[in-house]
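Read the single chain below, which is given as structure tokens and is the form predicted alone.
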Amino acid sequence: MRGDPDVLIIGGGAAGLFCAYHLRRRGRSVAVLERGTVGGAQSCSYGNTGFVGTHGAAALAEPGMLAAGLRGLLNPASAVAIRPLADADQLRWLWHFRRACADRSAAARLGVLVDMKRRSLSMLRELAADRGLGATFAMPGMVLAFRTDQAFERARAGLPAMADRGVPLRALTPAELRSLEPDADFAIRGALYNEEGAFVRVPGFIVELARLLVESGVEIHSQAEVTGFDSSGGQVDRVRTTGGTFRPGHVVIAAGAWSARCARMLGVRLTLQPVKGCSITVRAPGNGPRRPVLLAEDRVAVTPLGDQLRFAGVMEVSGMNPAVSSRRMAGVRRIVRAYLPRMTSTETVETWSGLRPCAPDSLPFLGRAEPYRNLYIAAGHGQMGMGLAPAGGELVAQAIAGEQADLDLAQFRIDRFGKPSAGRRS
């Protein structure tokens, strides 16, 4: 029998580590299980662009996204694709995703996400200043570039609403962008600039956060995959893993795209689907951008990482296989060239692909999972994971500690798409 922590967290990515961070600050004994290594290539924290702040990665559930994803099936180079499978869980997810894309509450959900991003940014700045993570965090501002007049004008029209939410966006002409980014030559119609744009350097940030947690007393168990649970009377009693058995007081499932499979072992259904993404890291060209850039219409992110430059994109709903086709990778490169046509081509350092856990409405699942008294979920952060995980971790810690949550947990309910029970599977 292994140790008996107050809280056992399944998943050593950003969501799980920030749950551990906030719980440890509340004096709880915490153990974290990671099926690979923390910050390893198997995690979606490894190869993303690390965008955080009050803007950056957009919600997946937006008007027109379902149609765009289905059109992407006909274009293998498209960065967005939805491939319906003969899978009841995926079809159920797509049904709720379709409704969320057309839902009038989209504006309210955006407000929730912006609030979470703002809270997370504040936490990240404190961590970077006080806990030695400064080398893995940067806040140089962020550019949102638009290649068409229509998209730029639509974005400008939304500036008052974003200002009401406290997002400091301002419009830039191409000439103004050249003053801000003198080395890069953008082929765009206009841009927005967010002075609160920031990013964390991954996987370094995750590795350093894990180190700080261990120093504070958190146990982290690598190569420990969950194989089953023992439960009785509405209580999870034991968690069986390849690294031994644990008997915790509370359990948090924060296993990213694997969270649904893990929860199903306990008969809990998460309306969650993996969304594939990829990144391409190259040697930094002399005429690349100095700041993080979102190529807005095509949802491709560009992050400068010292002597490297990373492009990340592709949103493909097609099951648990993380492999992304070479044609979709090539599509990301073409999108980058369309916005930055004269940027010098450089040597590829690494290509990576992974799975991001997405809820149909782009809000994460946070809170207790019925019918269990001691089971909690922190999953479904999607492509905004790095920007939502710090605040989400605190909400879960508050729920476990019996504190008044900073945000209304009802909007993150595990059962908001129907009854959570899926029937117990051993």
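If you're wondering where the values come from, they're calculated on a predicted model, not measured in any experiment. When you see a residue number, it is the position in the sequence shown, counting from 1.
FYI, the form predicted in complex with a small molecule isn't displayed, but the following is about it.
Contact with the small molecule in the predicted bound form, defined as a heavy atom within 4.5 Å, holds for exactly one of Leu177, Cys101, Ala312, Ile220, namely Ala312. With the partner omitted from this view, the residue of Pro248, Pro203, Gly354, Gly72 that lies near the small molecule in the predicted bound form is Gly354 [heavy atom within 4.5 Å]. Although the partner is absent here, Asp89 lies well away from the small molecule in the predicted bound form, with no heavy atom inside 4.5 Å.
Looking at Leu23, you'd find every heavy atom of it more than 4.5 angstroms from the small molecule in the predicted bound form. The small molecule in the predicted bound form comes within 4.5 Å of no heavy atom belonging to Glu297. For the chain shown alone, Met384 is a contact residue for the small molecule in the predicted bound form, at least one non-hydrogen atom being within 4.5 angstroms. Contact here is defined as any heavy atom lying within 4.5 Å of the small molecule in the predicted bound form, and by that definition each of Gly16, Glu34 and Gly277 is a contact residue.
Proximity to the small molecule in the predicted bound form, taken as heavy atoms within 4.5 Å, picks out 354-362 from the listed stretches 354-362, 391-399, 368-376, 63-71.
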